[in-house]
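Coming up is one lone chain in structure tokens, specifically the form predicted alone.
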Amino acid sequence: MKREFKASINRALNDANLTGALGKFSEAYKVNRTKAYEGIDFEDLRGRIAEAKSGAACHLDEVAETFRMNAEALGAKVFRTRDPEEVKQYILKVARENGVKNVVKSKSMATEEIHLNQALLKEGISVAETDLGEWIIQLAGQTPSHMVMPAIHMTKEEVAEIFSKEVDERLDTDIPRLVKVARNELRPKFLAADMGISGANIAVAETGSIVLVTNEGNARLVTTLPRVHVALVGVEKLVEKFETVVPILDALPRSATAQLLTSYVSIISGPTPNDDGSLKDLHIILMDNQRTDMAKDPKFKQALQCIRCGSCLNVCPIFRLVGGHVFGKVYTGGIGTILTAWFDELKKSEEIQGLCIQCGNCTQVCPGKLDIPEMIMEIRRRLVLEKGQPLVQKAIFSVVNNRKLFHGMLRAASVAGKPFTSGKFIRHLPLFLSELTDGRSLPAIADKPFRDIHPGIEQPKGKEKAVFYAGCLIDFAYPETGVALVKLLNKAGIEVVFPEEQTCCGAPALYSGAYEVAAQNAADNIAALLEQDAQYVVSACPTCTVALAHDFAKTLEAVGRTEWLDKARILAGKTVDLATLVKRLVDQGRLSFQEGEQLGKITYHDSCHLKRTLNVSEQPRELLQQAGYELEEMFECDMCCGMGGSYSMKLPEISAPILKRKLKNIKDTGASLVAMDCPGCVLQISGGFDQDGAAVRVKHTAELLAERLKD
């Protein structure tokens, strides 16, 4: 990463006002959003939105043409173009023809996208943003930090300072007073405006209507008072039927700001009369700017299902730390990364794509059913194809793909790390490595990896077998978790087989965009894991489980290694995470736990991949309670701990505050023990507590359950 980008991250992280405001908002948003959606089947709602938006994206040209014909039949003038420059020239032409000197605007990300304000100002036309947040950042000389709440990053003290300069009067931080100042300053601008420029939340082909959704009423003034109205609409806002307006209006306020409804919904169908009786000059510009190309790309077509609610930003653990400006000039957050790669150029997303930790929070709340993490992975893949892997990364992956060399180096690290090891942790590393142990200790490499322990475990020989895929961390750092897994399955009469040819699951390479490397890891593991005839392939690492059950087939297909696809699907069909399998065995009466002993309070941390990709969250909780633990839920139990695989090493400055928040939430429960099902989370959280000094034990669920088995 470039030094300037790192510096922008550090500036954001050290801005207490920014992190405080975003942190409070994101915490409140989750609670309020849940209340706002009470009584609504969110999955059904977003299914209908995704279907309608996807349908329009499948034939954008026809939908756009239908919209044009119907809008023009109502008296509007419709201009469609692929080129953002043509948009600006069209608006300037309309302005010249109508003698426009003053423009008022309602909030429009499309105008931000093409830098329209600068083009108008260059021609001597005054431009006033009238959305309160947009006006604030216009006065501050900034760009929006959020697509719905553009000034969310600013405090009332900062706003008071900006307004004071604008009105040449010392203002305090009384919010009603500041709003009154804005109203007094903006009202004359509405009355003096010759042209109003708006965006649109929806454009309905069936009726030729545009729909605007606002809270402040400024859009109504922008679209009714000036004699000329120009609406700039990205073609992704098109829907075929008017009936689609209803589900979008149901979702948009709830997802954007956790409101049940917005204050104003304006549906404009053709020009309306001016105060002198003449008809308004209504221009609707359908802007493409790579959107039809995106619609033709099977990996990115889903991005056109976005309704621009910003909910992905509201739940993102990275956004709430660094805000929007770190992501670039216009669109922010995960969706902003994708839009930047398309509407600007791929290389402009090179650094910001690295901000995504792949926690999947956004996938759970998106009303358009976008898989933002998956699209960011594809951006990474294309960047690697275009530019190649960085030399250091290439060297690392060449080692990882050589199983014997990789495992030999891990064994050597066990010895080499002794001078830096205290107990089970490496607390301090020298020189340029010191940042890796800043705020979190690292686990010491085990003296004896699981692959060396497994042959010495006495097991029942039976017909039922499970192949154990350990993954790197359990194999070489936490072999005790592997031993616990064997104990659990043995108790149910299942023999656990450990193929020694297994190697890295390929997640580090995959999440870095190095698909060819990940594909080789997949092929090697498929060969190793299917060599034995077993009923299950079980893993106690959610990231590895996701790799086996989901990613292997997709990765192999992406690089054209289709000869492995049938075997990849067979492996996926056998793969199961440990918590799901153990719960199944308990329900079948094949496993039981000691009874009658109260073990005290415990809390549980949901690992990102386990909950959001594998959809497993209740099973481990039920098992722990059946084993005798009293479960105390922590606040934000399913928020990322900041590990993110190699993320914590690439961006430790972001990972550390995420971990700090997680440690606080655990301590606030009063529990002296926290359980989880991911060895990566164990690494992150146990390492954090080692440096924090709090008397909280961190354990993998497998170990806690194995301790409580009935004899």
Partner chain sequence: MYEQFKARAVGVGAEVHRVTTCSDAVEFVLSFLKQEGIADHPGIYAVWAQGPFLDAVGREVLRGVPGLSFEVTRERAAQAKVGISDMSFAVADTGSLVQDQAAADQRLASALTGIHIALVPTSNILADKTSLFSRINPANSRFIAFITGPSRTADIERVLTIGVHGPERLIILFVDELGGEKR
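Since the structure is predicted, the reported quantities are computational estimates derived from the model, not experimental observations. Residue numbers count along the first chain shown, from 1.
The following text describes the form predicted in complex with its partner chain, which does not appear among the structures shown.
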Task: Site check K180, R187 and F190: each within 4.5 Å of its partner chain in the predicted complex by heavy atom - done: yes
Open item on the list: To test your reading of this chain, name the stretch in 113 to 121, 261 to 269, 333 to 341, 164 to 172 whose heavy atoms come within 4.5 Å of its partner chain in the predicted complex.
Closed with: 261 to 269
Open item on the list: If the cut-off is 4.5 angstroms on heavy atoms, which of these, S209, N490, T575, Q138, is the one near its partner chain in the predicted complex?
Closed with: S209
Task: Answer option from L225, A549, I379, A446, heavy atom within 4.5 Å of its partner chain in the predicted complex - done: L225
Open item on the list: I'd like to know whether V246 contacts its partner chain in the predicted complex, with contact meaning heavy atoms within 4.5 angstroms.
Closed with: yes
Task: Partner contact for G217 in the predicted complex: its partner chain, 4.5 angstroms, heavy atom - done: yes
Task: Partner contact for N274 in the predicted complex: its partner chain, 4.5 angstroms, heavy atom - done: yes
Open item on the list: Against its partner chain in the predicted complex, would P176 count as a contact residue? Criterion: heavy atoms within 4.5 Å.
Closed with: yes
